[in-house]
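Below you will find one chain, with nothing else, as structure tokens; this is the form predicted alone, and questions on how it binds or moves follow later.
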């Protein structure tokens, strides 16, 4: 053989070897684009379907929402690794595109506009806190399906006019129903209740609803709702107002950890042992960080912040394992406020066999239950919102005494 012919022979041998290897079981060639992956083993293209998430990644909700977006991405990964979704005989993997609402109404409106008009999504999850009203109206106008994770019951947020909006995680009204049920069963001496929440525009709406729920549960409401400024530096005046009610318990109806933890600290430092009840999306151990170990006592938390209930469901255990791995150590799930809507939407796509928002929303409306990370959820909310568009499910109750959070029980919590 000549020297010139050798390279051609070598190339032919290498090509034959590659073809032989790719024909072996488990080996395949893969072609990837922005939207489609094809496997030679099945000759079935796997496409990507994009859904949007409007989250408050900066501003006063930044740290909290960054963690909840992490949970949402884990939920997307779990859906995809479980085979994705099947619509019209075509297999799809979900892709999550996230826009930052910046913890302001203007920022949230801009984020929702970008998702709808630039990213061209037809399904939007989120946002948090009192920002849903900035998204619901846009989704209604453009027939985009919207699954929120939080609701403060402001006009146009979730009501009979928002036919394309749903509450995939019943915060915070779901938390409130759970905590009232737990109080009735475990604290019979509580008769008079004070209420606090951020003065963010939700008091005339969400505040009115929770006042009625407290009264319907047989409690006396101690005075008017004590509203506070989320951006305050000194929360002692609010703590003083709570103590002045001489109530048996105070319920923090909504809000983030810094204001509520600061009010708790000021109350305990002033000598008050009033039962402190939390029904918002806050990791129980974060109260200890803000209020201090000895001040964090006599606390009841109902918020979906899982810290170690026995025998979690397989999908919840998988979420916990992945979440802990993602943060590089031990820790509690934040709330699954965006993860549960991801998990629900994947089921809806499969059941509706469609990506048409009108078809998917009708499918949702005709269901009585749906699976969540916390178990089977009930489609509810007609009395509360005037439309049966909320998902209710059991919630973990945690107590904190002497700085130690302890899981107590799962509490059924149904949004009426």
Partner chain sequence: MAESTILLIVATIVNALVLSSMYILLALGFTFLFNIMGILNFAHGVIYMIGAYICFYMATVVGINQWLALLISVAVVGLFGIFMERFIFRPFFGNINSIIVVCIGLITVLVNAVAISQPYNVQVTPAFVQGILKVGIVSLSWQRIVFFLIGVSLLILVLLFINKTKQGLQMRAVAQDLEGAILQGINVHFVSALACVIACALAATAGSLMGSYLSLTPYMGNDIMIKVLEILVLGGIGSINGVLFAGLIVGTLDAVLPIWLSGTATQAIMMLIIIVILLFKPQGLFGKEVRA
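Positions refer to the first chain, counted from 1. Since the model is a prediction, treat every value here as computed from it, not as a measurement.
Another form exists, predicted together with its partner chain; not displayed. Remarks below refer to it.
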property: Candidate spot 374, 408 and 414, all three touching its partner chain in the predicted bound form (heavy atom, 4.5 Å); result: no
property: Contact stretch among 289 to 297, 86 to 94, 341 to 349, 177 to 185 - heavy atom within 4.5 Å of its partner chain in the predicted bound form; result: 289 to 297
property: Answer option from 76, 257, 249, 121, heavy atom within 4.5 Å of its partner chain in the predicted bound form; result: 257
property: is_contact(residue 80, its partner chain) in the predicted bound form, heavy atom dist at most 4.5 Å; result: no
property: Contact of residue 241 with its partner chain in the predicted bound form (heavy atom, 4.5 Å); result: yes
property: Distance check, residue 355 to its partner chain in the predicted bound form, heavy atom within 4.5 Å; result: no
property: Non-hydrogen atom contact residue 236 with its partner chain in the predicted bound form at 4.5 angstroms; result: yes
property: Members of 96 to 116 lying within 4.5 angstroms of its partner chain, judged by heavy atom, in the predicted bound form; result: none
